[in-house]
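Encoded as structure tokens, the following chain is the form predicted alone, with no partner shown.
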Amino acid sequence: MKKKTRDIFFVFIAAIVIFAVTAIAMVFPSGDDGFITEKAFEGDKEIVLTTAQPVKNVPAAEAFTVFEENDPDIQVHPQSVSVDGKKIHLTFSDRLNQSNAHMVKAPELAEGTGPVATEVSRSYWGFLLSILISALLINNYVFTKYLGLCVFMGTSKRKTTATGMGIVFTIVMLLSAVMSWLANRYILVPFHLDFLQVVVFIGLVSLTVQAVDTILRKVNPILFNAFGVFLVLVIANCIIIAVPLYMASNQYNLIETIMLALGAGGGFLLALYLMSSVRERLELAQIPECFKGLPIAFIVAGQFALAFLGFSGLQIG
């Protein structure tokens, strides 16, 4: 009963976190650019502009110019423009890279308003949620990037072992990612020591594991005895070094780094729990002798990887 209660508790906490982030994203509205009161991406090929007053005379599609803010030399024009009251729909023939902000320029849309130039970007809270969900499901480090397979295969035989490993890994992942961001932001980048990122990040991971090990040993010996064996395995998990490197290459800030670490840790915990659930049932199944052990485990992992391909292309925010 305690085990089921604990599993329900973890699912409940995860649901609360996702709900809170989504609610905050809905509370904060878009900025106001005068005549353009709201602007947002709609789907993957459309931009919707909301104006302060109805637009009667809309210029042709060629009159609108759109480009990514960090690449103004490549300009595109919408394929079609339609008006629905105060909403202007700009539809494009190709998908828009919504990870970057876009600038939309247009001539005068209403008398006395002047030319329009506004920036369109995804909600920042939606962007944070996309980082979390991407690391958790869409780009799961185990099933889509095939990282950490040695620890994954070794600790996914039992649910209790898998859950313990996933919890410890998430805690260490979060602490080491924050320390790596601080070191990269205030030491490596200012002093042009980027080439030392791998060495420094590995050292910080080892330091974090040793600190957690020491704290648990002194504060809670019972918890230390339960998790102590997993702490050593965390250092050998390549996911824990991949996350800081990904953070550094994308120049994430601290909040984005925390969301990435939580998503990566939660994704590893999810992968371990799913795999351990299946492997426990496989012990009761009639499997050919040549497939018992790791062979059938790799087959199951491959099937999970195929299932997680269903999340590819998912966009949030």
Partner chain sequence: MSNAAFKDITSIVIRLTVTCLLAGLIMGWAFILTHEGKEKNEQLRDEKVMYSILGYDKSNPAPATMAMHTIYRYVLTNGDSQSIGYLLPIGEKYGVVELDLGGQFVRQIPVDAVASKLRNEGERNSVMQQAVGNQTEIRYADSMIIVTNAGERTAYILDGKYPGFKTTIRVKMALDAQFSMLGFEVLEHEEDPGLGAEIVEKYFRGQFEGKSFEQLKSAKVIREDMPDDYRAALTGKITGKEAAEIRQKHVGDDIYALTGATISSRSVLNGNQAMVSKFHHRMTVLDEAIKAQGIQTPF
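What we label the rigid core is the largest C-alpha set whose atoms superpose within 1.5 Å from one form to the other. Source: prediction; values computed, not measured. Numbering follows the first chain given and starts at 1.
Below, we refer to the form predicted together with the partner chain, which is not included among the displayed structures.
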query	finding
The partner chain contact at residue 71 in the model of the complex, heavy atom, 4.5 Å	yes
4.5 angstroms heavy atom contact with the partner chain in the model of the complex for residue 118	no
Interface membership of residue 99, the partner chain in the model of the complex, 4.5 Å heavy atom rule	yes
Close approach of residue 67 to the partner chain in the model of the complex, 4.5 Å, heavy atom	yes
Contacting member of 161, 123, 139, 91, with respect to the partner chain in the model of the complex [4.5 Å, heavy atom]	139
The unique member of 199, 219, 182, 222 whose heavy atoms fall within 4.5 Å of the partner chain in the model of the complex	199
Proximity to the partner chain in the model of the complex (heavy atom, within 4.5 Å), stretch among 169-177, 182-190, 123-131, 72-80	72-80
Core-aligned CA displacement of residue 158 at least 2 Å between this form and the one not shown	no
Rigid-core frame, C-alpha of residue 242, shift of 2 angstroms or more between this form and the one not shown	no
